[in-house]
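So this first bit is one chain, no partners, the form predicted on its own, shown in structure tokens.
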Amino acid sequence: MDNTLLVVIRSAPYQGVRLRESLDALLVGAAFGKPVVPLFMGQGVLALLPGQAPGAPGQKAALPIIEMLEMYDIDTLYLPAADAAARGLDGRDLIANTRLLDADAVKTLLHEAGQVLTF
């Protein structure tokens, strides 16, 4: 185990505040100098689709925040290839800086992280 904070994001855009909270956790961890890794799983994979607009009135789009994660040294956005395939997506359908992982690589991420937060 290392000092990495792994944030597992399972919430789809526009499905409440959980996606936004998970992005806040990433930003706070990075602001305190902690190595942070985002892992988008399940419906959270949909947050990586380009061209998202704001949701309901008062609900801002999460994509601009996701795209600025690189400024916080969060360079790669991980997701299980199986979760993308289950939604008919591949790497070409997603925003830049995404990396599809096989099941063993996902297990390794989960096993090696010092802390895991799930949203």
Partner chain sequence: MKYALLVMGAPYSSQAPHSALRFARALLEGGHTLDSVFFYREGVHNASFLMTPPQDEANLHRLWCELNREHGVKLDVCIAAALRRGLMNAEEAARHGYDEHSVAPPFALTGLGQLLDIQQRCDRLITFAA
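Everything numeric in this text was worked out from a predicted model, so none of it was measured. Positions refer to the first chain, counted from 1.
If you look for the form predicted together with the partner chain, you will not find it shown, but the lines that follow are about it.
Participant: Kindly confirm or deny that 11, 21 and 34 each have some heavy atom within 4.5 angstroms of the partner chain in the predicted complex.
Facilitator: Yes.
Participant: Okay, which stretch from 87 to 95, 72 to 80, 37 to 45, 22 to 30 lines the partner chain in the predicted complex, with non-hydrogen atoms inside 4.5 Å?
Facilitator: The contacting stretch here is 22 to 30.
Participant: Could you confirm whether residue 110 comes within 4.5 Å of the partner chain in the predicted complex, counting heavy atoms only?
Facilitator: Result no; residue 110 lies far from the partner chain in the predicted complex.
Participant: Taking the partner chain as it sits in the predicted complex, is residue 105 in contact with it (heavy atom to heavy atom, 4.5 Å or less)?
Facilitator: Although the partner chain is absent here, residue 105 would stay clear of it in the predicted complex, with no heavy atoms inside 4.5 Å.
Participant: With the partner chain taken in the predicted complex, which residues across 100 to 119 come within 4.5 angstroms through any non-hydrogen atom?
Facilitator: Stretch hits, in order: 115, 116, 117, 118, 119.
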